[in-house]
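Coming up is one lone chain in structure tokens, specifically the form predicted on its own.
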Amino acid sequence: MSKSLLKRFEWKDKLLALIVPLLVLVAWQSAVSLQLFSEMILVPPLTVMNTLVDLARTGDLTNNIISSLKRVLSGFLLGASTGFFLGLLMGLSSLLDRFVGPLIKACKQVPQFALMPLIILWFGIDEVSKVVFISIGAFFPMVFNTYQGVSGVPKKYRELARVFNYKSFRYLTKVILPGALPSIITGVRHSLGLSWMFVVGAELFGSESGVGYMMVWARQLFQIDIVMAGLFVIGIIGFTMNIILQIIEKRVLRWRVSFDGRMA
């Protein structure tokens, strides 16, 4: 198949992906125009856009987004790094996997939002509790994806490493991590996505800044346009994060093809 034809299919896919959002906007505007819902409850799309412009002009939107992103970055780095190292050790050590694995799986079954009262009791309602809460969301996808990636490295790679007498560090960096990298990248993508979701929940409790705080404060004042504008911002930022990480993941997988060719 020619490159021009492939590009044509890609453009068609992108156009098709826009159909549903456009239909949602049309249905949204139609519901308001036909007075099926009061504008006090369902704010028109144009009003939401104007609210976003006003919030951006005053700087409130930018400041709240920056506050949320700082919390996400801190919680993500704490949770994802902890999950990565634990998943790596569990994948390399069957003994550790047997001891720690059941406990991690049991903890995963507890809804993370149910832990928020306990986190507040231990860490208060300051920034530390929010970072801890976000890090819990980042931890579980990272530990499970890292473990699956490391334990799923093909046996032929491990045997070939023994033939070349790879020592521990070289074995880890040349065989285990490259073989597990696609799964690790998937864990990063899921961890970051959950971190962004969890930051909104964290900001519902005693926060003085952030997108979640902006939405809670607007709800108390019955400013539904700001609440819906916050939802729009959350969706756009989360979608953008996912797209960026998907691009990185594709490049990693392209590199993995050459790795597989050398190791085969």
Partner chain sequence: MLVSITLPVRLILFWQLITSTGYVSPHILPLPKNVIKIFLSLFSEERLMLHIVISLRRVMSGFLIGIAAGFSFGLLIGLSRTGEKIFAPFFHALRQVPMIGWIPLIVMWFGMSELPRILVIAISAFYPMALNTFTGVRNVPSEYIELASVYGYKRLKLIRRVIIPAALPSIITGITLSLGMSWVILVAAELLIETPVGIGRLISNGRETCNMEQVLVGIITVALLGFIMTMMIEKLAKVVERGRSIHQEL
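Positions refer to the first chain, counted from 1. All figures in this text were calculated on a predicted structure; none of them were measured in a lab. Rigid core here is just the name for the largest C-alpha set that superposes within 1.5 Å across the two forms.
The form predicted in complex with the partner chain is left out here; the points below concern that form.
The closest non-hydrogen atom of residue 235 lies within 4.5 Å of the partner chain in the model of the complex. In the model of the complex, none of the heavy atoms of residue 85 sits within 4.5 Å of a heavy atom of the partner chain.
In the model of the complex, residue 41 approaches the partner chain with a heavy atom inside 4.5 Å.
Contact annotation for residue 223: at least one heavy atom lies within 4.5 Å of the partner chain in the model of the complex. Here the chain stands alone, but in the model of the complex its contact with the partner chain, taken as any heavy atom within 4.5 Å, falls in 117-125 among 117-125, 85-93, 136-144, 70-78. Out of the listed residues 55, 48, 65, 200, 200 is the one that sits within 4.5 Å of the partner chain in the model of the complex by at least one heavy atom. Contact residues in stretch 76-93 (any heavy atom within 4.5 Å of the partner chain, taken in the model of the complex) are absent; none meets the cut-off. Here residue 243 does not count as shifted, since its C-alpha moves by less than 2 Å between this form and the one not shown after the core is aligned.
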